[in-house]
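Given next, in structure tokens, is a single chain: the form predicted on its own.
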Amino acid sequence: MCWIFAYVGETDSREKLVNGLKMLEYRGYDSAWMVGLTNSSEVFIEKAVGRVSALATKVASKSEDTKLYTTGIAHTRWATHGGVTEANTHPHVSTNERFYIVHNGIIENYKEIKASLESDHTFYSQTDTEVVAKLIESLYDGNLKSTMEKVAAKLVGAYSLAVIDRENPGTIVGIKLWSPLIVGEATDGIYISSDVNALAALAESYTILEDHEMIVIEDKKYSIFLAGEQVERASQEVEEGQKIDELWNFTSYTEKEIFDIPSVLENVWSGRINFETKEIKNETLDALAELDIDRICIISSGSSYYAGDIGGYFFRKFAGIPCQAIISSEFLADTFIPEKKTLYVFLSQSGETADVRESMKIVKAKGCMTFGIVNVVGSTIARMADYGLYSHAGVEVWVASTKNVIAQVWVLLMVAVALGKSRDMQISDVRDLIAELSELPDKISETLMQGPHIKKLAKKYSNYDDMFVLGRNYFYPVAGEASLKCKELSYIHCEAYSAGELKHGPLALVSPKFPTMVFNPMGKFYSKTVSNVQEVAAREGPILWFISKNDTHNELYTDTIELSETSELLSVFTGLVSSYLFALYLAEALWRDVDKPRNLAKSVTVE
């Protein structure tokens, strides 16, 4: 799984390609590569295993090369086929060294294609992408556009491809199926990218390609084709919200994005909720309220799955609608039984998550209702959904999702209340909840002020290799998300359980060297959770409690993180934020690269 960037214009492409890859690096950073062409077909190639900075250093070391490479393609890789080696790093090149290619996605039938080409071509890598480079040469008919149409007809899988021809500098051809591909237009040239965010500081406008479409850039202009016919489509202006913010005084983008959460909440409800009249007003939600829905199924992956699981409690409590959260890869593995009165909700930060996207494709093929909650405007899932709302979290720069998870949970709460209002939820209850929601940004800001205290505790708990995270009801999926963040950022082995399940086996692991984190704000299950965790204390297991600020049972606790004084429901938000700070500072205490955790990528666009 990889991310691509390309440029054709009047200036040298090398610096532009390196900067473009830096904007894409949060989506994959095993290795990086670029190739540039001059107008006289001279080639510049550079590869580097590791971060884009390694590639940048190599490119900078060749400053004596003053040729003008006005056409270029580049790539940052997250390894799927083949190890992290220079041989497996893109670009991949045809046997005659004429065609260079970058690829995002997976070619599922690459072994069959490779077998058909091995008699005429020698392969030097383990990747599926190299097969496409050889296939282009094999099928070349004198025209790169028509050749790529033939190539696309033979490929099975998900892909976005960009190809340059050494004998035709100034020309780039790109094709896509399921993997994102975006063209940006600027005064100094034309860009191609896997992500609109990488274009935000470079292009004035952009156009998103649809599946099976092809882009042809030549003579510093571009055209889009579908089945050989040119497609006319208006471009969109790059908006301020799509640009990556400065880091300012924060130590990492992960930290900055956690501290962005109060302002993110205000973005999420802007234009959707009126705090003066205590009303939710939104055309999409009004349309949903008129649908005949008797069940909700939330399909998502990773952190979005935990957000969806929290949302399930909201739909059951406020709307009285049965709701199930399903991991998208498990949805794909199971037998789908379509239900016409079920609303299928799909969560994805990027709007390109492969398992979620494929699940939506199956649901839509059966004529069922689909609702998307995504962060990236114009993404595939956003365009496919029958209904949808953006999470409006702003650009998440680095791998671990934080502010978008909070935004997703808030959107799910808003949808649940809007549906509840059209059913049996009392208007007075709606108004009371909205009044309380208005205080949430301030409550989260109070939580963030505990940073120094949480950092001190994180330093203490960084000495352990294993941890449990416990919670009940709303706080069971909160515990799951907290556990995931600790794993992602610190690499500490961390497992989440329902507090009531501890005695059913996991308690065997508890010891003085195996601590437990417990979410237990004041609420319905407070006393039961205290009782459960006393079993840990009896075995001398260290315990870190996340408790309400007004909790008076201080004699029970050793280490505590206090959640701002609010209802049990809104403690979900403050609990998540405090767990994000703990995971961040835990990782920093262990000297982890919190923005770029090992082995991970921001958006998983292949299954």
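Throughout, we count residues from 1 along the sequence that is shown. Remember, predicted model here, so these are calculated numbers, not experimental data.
There is also a form predicted in complex with fructose -6-phosphate; it is not shown, and the following applies to it.
Participant: Just checking whether residue 499 would be counted as a contact of fructose -6-phosphate in the predicted bound form - the rule being heavy atoms within 4.5 angstroms.
Facilitator: Flag for residue 499 set to no.
Participant: Should residue 71 be counted as a contact of fructose -6-phosphate in the predicted bound form, where contact means heavy atoms within 4.5 Å?
Facilitator: Although fructose -6-phosphate is absent here, residue 71 would stay clear of it in the predicted bound form, with no heavy atoms inside 4.5 Å.
Participant: Taking fructose -6-phosphate as it sits in the predicted bound form, is residue 198 near enough to touch it, meaning that at least one heavy atom pair lies within 4.5 angstroms?
Facilitator: Because no heavy atom of residue 198 falls inside 4.5 Å of fructose -6-phosphate in the predicted bound form, the answer is no.
Participant: Answer yes if any heavy atom of residue 189 is within 4.5 Å of a heavy atom of fructose -6-phosphate in the predicted bound form; otherwise answer no.
Facilitator: No - in the predicted bound form, heavy atoms of residue 189 and fructose -6-phosphate never come within 4.5 Å of each other.
Participant: Check each of 520, 447, 194, 353 and return the one that places a heavy atom within 4.5 angstroms of fructose -6-phosphate in the predicted bound form.
Facilitator: Spelling it out, the residue with a heavy atom inside the cut-off is 353.
Participant: Between the options 133, 407, 400, 181, which residue brings a heavy atom to within 4.5 Å of fructose -6-phosphate in the predicted bound form?
Facilitator: Contact with fructose -6-phosphate in the predicted bound form is made by 400 alone.
Participant: Of 418 to 426, 163 to 171, 360 to 368, 341 to 349, which is the one stretch near fructose -6-phosphate in the predicted bound form, taking non-hydrogen atoms within 4.5 angstroms as near?
Facilitator: It is the stretch 341 to 349.
Participant: Do any residues of 300 to 321 have a non-hydrogen atom within 4.5 angstroms of fructose -6-phosphate in the predicted bound form? If so, which ones, in sequence order?
Facilitator: Sequence-ordered list: 301, 302, 303, 304.
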